[in-house]
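Here you get one chain, nothing else, as structure tokens; it is the form predicted on its own.
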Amino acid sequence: MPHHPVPLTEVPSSAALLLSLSQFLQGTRYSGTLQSLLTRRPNMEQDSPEAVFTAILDAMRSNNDRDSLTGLLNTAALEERLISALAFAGRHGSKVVLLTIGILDFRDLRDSLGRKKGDWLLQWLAQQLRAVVRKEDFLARDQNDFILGMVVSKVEDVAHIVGKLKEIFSRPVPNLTESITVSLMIGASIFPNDGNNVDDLLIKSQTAMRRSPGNCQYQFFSDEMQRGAKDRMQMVQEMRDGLERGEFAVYYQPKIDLLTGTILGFEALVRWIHPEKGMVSPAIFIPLAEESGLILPLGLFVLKTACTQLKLWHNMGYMHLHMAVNMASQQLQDDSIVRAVEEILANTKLFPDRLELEITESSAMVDIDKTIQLLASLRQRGIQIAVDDFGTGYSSLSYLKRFPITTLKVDQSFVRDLPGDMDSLEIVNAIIAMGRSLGFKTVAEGVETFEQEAVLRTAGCHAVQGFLYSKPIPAQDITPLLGKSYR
């Protein structure tokens, strides 16, 4: 049977070939290779089918030393290039600068955008970095960070690269429905000053990056940073041990009803009583707990302890009391938190409407849809929801109306300057009036003078808390105050 050549019109186009190959490679280890190739060559559909096929074959052959998402070097290839670069620099008296580049608050940003857009953002960032580095430099991806290695004659050459990055990242990221400006953290280590092997240089550039303030400001490594990193690691371990040994306690600050002058409830606040250091400031250990993930077990400890204590006071006859417990951003992203709250309420036999969970505006905005769904689930069970530090975050009424909240807490930064500061007075009056119009209760924090109390009462604030009435104190010191009037 004679062979008939395929008509020219039936030869697949480059676009059809790419689609066919994409479907064929789907689910294999080469699917990422194709995606990264398309990222590097966005106009590939305009090439000839033969050129497309050749490029894909070449990319698949080099797959072993490439990151599948971005097409940059992977960590194994990075180490090989670095070893060669250090050897070259050692022979010629040059320096090797290693930059670790990361996106400030990338985890929160990825939670907000979703996984696919988060991956796309990393691919876009890889493109921008590839466009500014020199041909002789090498660029790799390590999880959510990027590593740039440069052999230089003088360290000042770093400023030229960073200057180009500042120009690019001063503008919002294109092709996203959300308006986002990426803030880059950059840390640098130098061979031979900071070490003579790959591991030392990588660790030190990563340490320096974590000290970068963002906005493409780069930070060179220093011995003080290493000491600080070791101190933080040690404190995290001490916190972990402290949770097991019972070193953490819950203190309670009363909330006062401005109409009656009686205690209507409390805010539960965690304290760390270290066996050697004494009382450790929450300003020190809370950020570390959030960074290390210990905020999840720590938050559950506070919730369980506070609910158990409130039930004891209810059993004494003070059934009207309620308890406010703070929720961290990570807790709002934890799918098991609703079930955990339910179990604690069931075990303590506490009425759900006596528990109030406090969130901040910024934590609620990490993943708005997920937060709304979680808070709605809690609210359906009767649990009260408060927005803490109100007025210091996003303050968007359109978002505020979507959250199923019951209470607004006026931040102490506005209360502090009452009654003399007119700007603070107008803000406080506006928050209280808005809360009243939306059917929310309002609580003012940080009340320290009777003059501040008088202003808040006139404005129609529902409740107050602060040192004027009591600092946070242990439960045994609270019990004698339960029947006290603050009028």
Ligand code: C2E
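Residue indices: 1-based, along the sequence shown. Predicted model, so just to flag it, every value in this text is computed and none were measured.
The form predicted in complex with this ligand exists for this protein as well; it is not shown, and the discussion that follows is about that form.
Shown alone, this chain has one stretch from 342 to 350, 375 to 383, 188 to 196, 267 to 275 that lies within 4.5 Å of this ligand in the predicted bound form by heavy atoms: 267 to 275.
Contact annotation: Glu356 falls outside 4.5 Å of this ligand in the predicted bound form, judged by heavy atom distances. The shortest heavy atom separation between Asp145 and this ligand in the predicted bound form exceeds 4.5 Å. Contact between Leu456 and this ligand in the predicted bound form is not found at the 4.5 Å heavy atom cutoff. At the 4.5 Å threshold, heavy atoms of Asp67 stay clear of this ligand in the predicted bound form, well away from it. Not one of Ser84, Gly90 and Gly149 is positioned with any heavy atom within 4.5 Å of this ligand in the predicted bound form. For the residues Val387, Ala126, Leu109, Ile286, the 4.5 Å heavy atom test against this ligand in the predicted bound form is passed only by Ile286.
Residue-level contacts in the predicted bound form: of Ser363, Thr407, Thr207, Asn326, one residue has a heavy atom within 4.5 Å of this ligand, and it is Asn326.
If you take 166 to 204 and check each residue for a heavy atom within 4.5 Å of this ligand in the predicted bound form, you get nothing at all.
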